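Given next, in structure tokens, is a single chain: the form predicted on its own.
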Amino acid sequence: MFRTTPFHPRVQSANETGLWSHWAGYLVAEKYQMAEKFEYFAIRNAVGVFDSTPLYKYRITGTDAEKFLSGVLARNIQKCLPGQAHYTIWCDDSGYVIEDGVVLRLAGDQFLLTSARPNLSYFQNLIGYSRVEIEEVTEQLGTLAVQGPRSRQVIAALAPEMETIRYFHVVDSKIGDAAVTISRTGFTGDLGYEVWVDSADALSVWDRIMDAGEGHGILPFGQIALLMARIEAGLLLLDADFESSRFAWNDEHRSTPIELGLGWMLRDLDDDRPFIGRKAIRNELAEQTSRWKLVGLVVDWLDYDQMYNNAGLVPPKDHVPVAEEFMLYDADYQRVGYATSFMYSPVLQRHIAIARVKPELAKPGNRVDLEVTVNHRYERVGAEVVRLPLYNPQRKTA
């Protein structure tokens, strides 16, 4: 039996399509509108609301909470001050990524960590003698992501102090009579906020946000629109762009932080902070053993159109994301990598992808050939290597 989030009564009434999927045991909307582009353009041009409650949420407290997380998380939690948030990862002893998530530092010894998959027993087994308590609070908290260029106006109308909250910062506030925590975070690559509220107050918060959004083009958006936005933003998705090292069959299905483009998290490898995977990651950097480098791809539109026209077909411009492997080749037809997420971007008007290529080919401007299927045959279309994110408006961090 599938669970429903505390926002479900509103989600269900707004879901005109009746299309649902399952996320972490919860029932979630695939799309609300008959055309998910309406929801996507709400994110990019107005304001959209996404129910992200199914994320696993762990409250980590205690005198040694910082010390514990400092040894578990690859990114240095000591540099995350109270009232700030970090996008972070945790690795295994071999330096492969287990998972990623966002950690909110609510107070000196109080943290809230999210993850896409269950990690409670994994973290608890690492505690040892530390004075740390870890509690799963997934069902206790509802989470709403309010995203888009007008999200600040909507949130600030309800909580005026949000007008000046900085990127990846966190504030306790109130929406109506409900106590909430609001973080300037999200998974769309746009200006946005996430509202964390006790489940009992979830519906009143939903109603007040939607009322405040009247006149701003506010719409709830589902999974499809979210995945469209995250590919443009170059945001990694577990089981699409990487696999958890805990469940991968072999090292071919594991990834290091360097291979995933997350080396910026590890600028303090030369200090004395021990964390799981540190030695292996240092060796990888010293010996330059990274197999891949994460990049963005922009497909040559003329090459793409001609390929389909020559086959007697109308070139498809499908914006629905595809999360599967597309092989990449060089001019000599040698495999040089693979794309993991692919779509036609409505805002960029190009086919784009998140991909991995051999490190020597990762320089922006290099050309690779993307393998696609046309008329039941493998064909190759040119693509340019570019830096991620592919879409990065200034308002996201302003």
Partner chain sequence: MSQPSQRKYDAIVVGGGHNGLVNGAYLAKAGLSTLIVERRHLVGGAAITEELKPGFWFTTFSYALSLLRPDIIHELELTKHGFMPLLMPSSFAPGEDGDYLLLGQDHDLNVKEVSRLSKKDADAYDQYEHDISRVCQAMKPLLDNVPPNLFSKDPEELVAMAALAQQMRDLEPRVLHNAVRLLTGSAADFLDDYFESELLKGYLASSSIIGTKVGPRSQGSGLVLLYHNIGEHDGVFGSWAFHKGGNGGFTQVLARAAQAFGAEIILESPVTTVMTVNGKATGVALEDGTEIAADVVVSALDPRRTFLQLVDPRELPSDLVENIERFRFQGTSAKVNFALDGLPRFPTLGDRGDQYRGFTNIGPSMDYLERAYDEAKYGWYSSRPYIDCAIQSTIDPDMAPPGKHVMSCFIQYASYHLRESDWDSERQNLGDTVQRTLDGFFPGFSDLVLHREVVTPLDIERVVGLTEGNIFAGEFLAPQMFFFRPAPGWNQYRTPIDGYYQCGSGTHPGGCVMGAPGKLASQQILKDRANGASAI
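Keep in mind that what you see is a predicted model, and the values were worked out from it rather than measured. Residue numbers count along the first chain shown, from 1.
Heads up, the form predicted in complex with its partner chain isn't pictured, but that's what we're talking about next.
- The contact residue chosen from K317, R282, R273, K174 relative to its partner chain in the model of the complex is K317, the criterion being a non-hydrogen atom within 4.5 angstroms.
- Of the candidates K358, K67, R59, K37, K37 is the one whose heavy atoms come within 4.5 Å of its partner chain in the model of the complex; the others do not.
- Although its partner chain is omitted here, in the model of the complex none of T4, P6 and T181 has a heavy atom within 4.5 Å of it.
- A residue is said to contact a partner when one of its heavy atoms sits within 4.5 Å of a partner heavy atom; R254 fails this definition for its partner chain in the model of the complex, lying far away.
- Under a 4.5 angstroms non-hydrogen atom cutoff, its partner chain in the model of the complex has E214 among its neighbouring residues.
- Residue contact check for T289: none of its heavy atoms lie within 4.5 Å of its partner chain in the model of the complex.
- At a distance threshold of 4.5 angstroms between non-hydrogen atoms, N45 is in contact with its partner chain in the model of the complex.
- Checking 37-45, 358-366, 22-30, 327-335 against its partner chain in the model of the complex, the stretch whose residues place heavy atoms within 4.5 Å of it is 37-45.
- Residues are counted as partner-facing when one of their heavy atoms sits within 4.5 Å of its partner chain in the model of the complex; in 316-350 these are K317, Y344, P346, V347, L348, Q349, R350, in sequence order.
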